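Have a look below at one chain only, the form predicted on its own, in structure tokens format.
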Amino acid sequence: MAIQTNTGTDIKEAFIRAFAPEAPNGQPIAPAVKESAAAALQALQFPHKKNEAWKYTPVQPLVSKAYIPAEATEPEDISPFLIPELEADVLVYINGKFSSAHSQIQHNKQLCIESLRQLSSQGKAVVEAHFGKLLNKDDIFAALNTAYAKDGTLVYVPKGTVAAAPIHIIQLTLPGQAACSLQHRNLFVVEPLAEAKVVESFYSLSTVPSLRNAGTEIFVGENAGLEYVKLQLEQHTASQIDHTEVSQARHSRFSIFTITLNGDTVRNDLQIHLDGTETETHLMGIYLLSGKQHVDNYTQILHKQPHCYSNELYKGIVADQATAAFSGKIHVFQQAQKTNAFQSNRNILLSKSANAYTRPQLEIYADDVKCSHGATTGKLEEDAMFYLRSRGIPEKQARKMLIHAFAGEVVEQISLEAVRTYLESLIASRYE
């Protein structure tokens, strides 16, 4: 299928127009913040190769396609996108718009779980207090999302409340006949002494190209906890630019799992602010790439207070002509004494044409810290393969076992058993 592209000076205007068919004023979601972001877009430009944050991901081919806004539509059945055995409240978004017909909230009546276009008075107050406070205003894609996202999810967990069940957000892309653009916005606010678990999964139902521009802001209060699992499972023609920014108060716990099994060009931009003392943070990622996929994980952990702990582990398996990129930065401010921070990126290349670029970084201004980072890239371990083959295990099965074990180090840390089982089956079927 031939993809039309924009050329010349109209690229930026055409790109923004595809995400902004309506003017930002009059939007139900924090209109003043949206108008400010729309105005800021005029001075912002697309990143280029000299921009260190985008060094490994060429933006021009992605933004020069002629996108049109995704049309409103409804699938007949969403059961294929539910996670088996996962008892959860379910919110379904189709082309970025909330579908009440396919959504069901029955376990967490004590929480405020709402579409950003259908806010209650409580929801409006939470949005007014938090919307636009974190997401990077100097990034053109984040500003675009702030200015023009029409819908998304609010998850508000009141003080002292433990969610009775996980919240599962299902994002479905249903392109029409032409390449389409869509976006959504999430806001998760977990008050002090509260806890919740959120799973967000992405699927596309067509091989027509699409681009999703996503934005998520997360606030984890004092002594609160949040586990967030992000499953990127779209078609090989679906691209995504995802910005997630997190603020942690003292004694809080936050874990995020970014699992990328499908997609065309995927860029995950994650920034975590450890704004309180004695916080605990876990960043885990898996990417299994094939064909000509390109996945770029760009993370920043900002240790701003003393006695905090962060642990980051990203693992990738790259086949065919696919490309993986990882840039992870741990920034320890001068006042953040007694920081413990660890970062690791490990890659396995399954073909001579596969590529993995890795750039772990430490920037430390405190003198009493324990920090480390490392990266490895290589083939499947030959000794382990020989050991399995020597015991009568066929090569294909031995390879599958080693890949399962490699990815399992991340999967096994997800607390939801149903999600672990689901992911294990997806990974196993990938290498049948």
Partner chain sequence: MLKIDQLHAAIEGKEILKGFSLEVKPGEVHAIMGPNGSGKSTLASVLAGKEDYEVTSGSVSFNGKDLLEMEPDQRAGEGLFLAFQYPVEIPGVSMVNFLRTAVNAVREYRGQEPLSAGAFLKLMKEKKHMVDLDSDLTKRSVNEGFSGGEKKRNEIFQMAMLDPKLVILDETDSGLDIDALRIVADAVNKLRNEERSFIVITHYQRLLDYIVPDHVHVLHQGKIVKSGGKELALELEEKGYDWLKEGALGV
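Positions refer to the first chain, counted from 1. These numbers come from a predicted model, not from an experiment.
Heads up, the form predicted in complex with the partner chain isn't pictured, but that's what we're talking about next.
Q: Would you point out which of 187-195, 206-214, 132-140, 237-245 contains residues with a non-hydrogen atom within 4.5 Å of the partner chain in the predicted complex?
A: Partner-contacting stretch among the options: 187-195.
Q: Applying a 4.5 Å heavy atom distance criterion, does Ser353 contact the partner chain in the predicted complex?
A: Although the partner chain is absent here, Ser353 would stay clear of it in the predicted complex, with no heavy atoms inside 4.5 Å.
Q: Spell out, yes or no, whether the shortest heavy atom distance between Arg250 and the partner chain in the predicted complex is within 4.5 Å.
A: Yes, Arg250 lies within 4.5 Å of the partner chain in the predicted complex.
Q: I'd like to know whether Asn223 contacts the partner chain in the predicted complex, with contact meaning heavy atoms within 4.5 angstroms.
A: Asn223 belongs to the contact set for the partner chain.
Q: Taking the shortest heavy atom distance, is Lys370 within 4.5 Å of the partner chain in the predicted complex?
A: Although the partner chain is absent here, Lys370 would touch it in the predicted complex, with heavy atoms inside 4.5 Å.
Q: Three residues, Lys159, Val162 and Asn340; all within 4.5 Å of the partner chain in the predicted complex via heavy atoms?
A: The answer is yes: all three residues contact the partner (heavy atom, 4.5 Å cut-off).
Q: State the residue from Glu71, Glu280, Asp275, Glu74 whose non-hydrogen atoms include one within 4.5 Å of the partner chain in the predicted complex.
A: Looking at the other structure, the residue within range turns out to be Glu280.
Q: Heavy atom within 4.5 Å of the partner chain in the predicted complex: which of His307, His331, Arg359, Arg117 fits that? Just give me the one.
A: The residue in contact is His307.
Q: Given a 4.5 Å distance limit between heavy atoms, list every residue of 102-125 close to the partner chain in the predicted complex, or none if there are none.
A: Going through 102-125 in order - heavy atoms within 4.5 Å of the partner chain in the predicted complex - there are no hits.
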